[in-house]
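The chain that follows stands alone, in the form predicted alone, written as structure tokens.
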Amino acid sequence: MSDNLKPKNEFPDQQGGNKQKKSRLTLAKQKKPKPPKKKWLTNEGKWGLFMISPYLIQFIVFIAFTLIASLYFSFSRYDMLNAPQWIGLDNYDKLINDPVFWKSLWNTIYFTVLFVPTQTILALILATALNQSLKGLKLYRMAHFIPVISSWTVVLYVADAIFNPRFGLANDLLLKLGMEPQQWLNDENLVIPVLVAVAVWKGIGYMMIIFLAGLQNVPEDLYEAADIEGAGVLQKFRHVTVPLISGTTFLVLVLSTITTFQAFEQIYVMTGNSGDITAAGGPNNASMVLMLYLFQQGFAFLKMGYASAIAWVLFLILFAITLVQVKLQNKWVHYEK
């Protein structure tokens, strides 16, 4: 059959165009380089993991594992001598009906409410005073920091010299003023205020250093502008210093709150009887706080499951308070943009 007699395609251009398009698409797919496979960990990431591996191992072994273990123990009966037995929510039910737990929670809140504002205000005043150009300034700063690095045993001797009912300086002063001597640490109404006073004296140097760092970051030109406007000392402090160190104040408040909820060593040393943990927290549980009660239940009475339940309640309270503080900071903390 000759070529003239073969059936001709009715749409030769259309079919040819489709073939060309298909061939172009095929070539484009073939020529398009495949994106490199993303590695789940880059070389920099591997080096980063290697550098932080000591801390990572420490975190997993001593923090993450213990957190998970304590959560399991809080639902168990565990005395550290026998295997833990799962009891569900019994430990938490017992907490709700435990008057000593509620007493220790109230004492912790009372301690915090007295301690945090007192230490924050006094530390700010002290830092402001030591931020001036004075002779022997370094000596003054060091003198206020000495109690911070002193152990609670040393602080106990100082506190005993002041608040001992028989020979303390505080009662001598009251007698000279014509007032009745007090029992101080043996008085249910006075034991928490005395503990707060000693805690403020010991910890104020640390907070003073934090405030001092914040004060030294306040630009001098703002004070000079306030001087030109005729502002007095108090007005400069209120309208310049306080807003610009509000971030530092927020840090001090958060650290102080966490510290007070974890208060243990001071109360154990000052209210215990020759290291007897079961005698600490007196009189009549008036100075019993959550950390001390947790320690007593766990290590004195070997109720580790019950102590773990207290620990998790303490964690949830601290988490909630810190969350509220972080949420409220937007209303009063000033950050330079």
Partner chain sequence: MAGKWLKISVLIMAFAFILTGCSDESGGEAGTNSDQTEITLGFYSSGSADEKMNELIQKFEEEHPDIKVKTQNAPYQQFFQKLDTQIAGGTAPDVWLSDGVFVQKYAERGAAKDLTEWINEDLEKDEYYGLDFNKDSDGKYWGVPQGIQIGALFYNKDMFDQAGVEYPDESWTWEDLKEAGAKLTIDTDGMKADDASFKPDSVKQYGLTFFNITEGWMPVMKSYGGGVLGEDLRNSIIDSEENKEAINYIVDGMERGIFTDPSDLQAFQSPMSPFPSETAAMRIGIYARTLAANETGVNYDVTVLPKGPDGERFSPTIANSWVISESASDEKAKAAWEWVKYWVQEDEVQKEWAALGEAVPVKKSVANSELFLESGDKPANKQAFLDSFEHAGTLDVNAVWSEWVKKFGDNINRAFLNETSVEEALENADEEVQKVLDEFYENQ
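Numbering follows the first chain given and starts at 1. It should be emphasised that the depicted structure is a prediction, and the values quoted were computed from it without experimental measurement.
What follows is about the form predicted in complex with its partner chain, which we do not show.
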request  = Considering its partner chain in the predicted bound form, find the one stretch among 136 to 144, 81 to 89, 195 to 203, 116 to 124 with heavy atoms no farther than 4.5 Å from it.
outcome  = 81 to 89
query = Heavy atoms within 4.5 Å of its partner chain in the predicted bound form: does Ala280 have any?
reply = yes
ask   = Counting only non-hydrogen atoms and a 4.5 angstroms cut-off, does Leu190 reach its partner chain in the predicted bound form?
value = no
key: its partner chain contact at His239 in the predicted bound form, heavy atom, 4.5 Å   = no
key: 4.5 Å heavy atom contact, Asp160 to its partner chain in the predicted bound form   = yes
Option touching its partner chain, based on a heavy atom within 4.5 Å in the predicted bound form, out of Ile258, Val154, Val100, Leu174 = Val100
query = Listed by sequence position, which residues of 161 to 200 have a non-hydrogen atom within 4.5 angstroms of its partner chain in the predicted bound form?
reply = Asn164, Pro165, Arg166, Phe167, Gln183, Asn186, Glu188
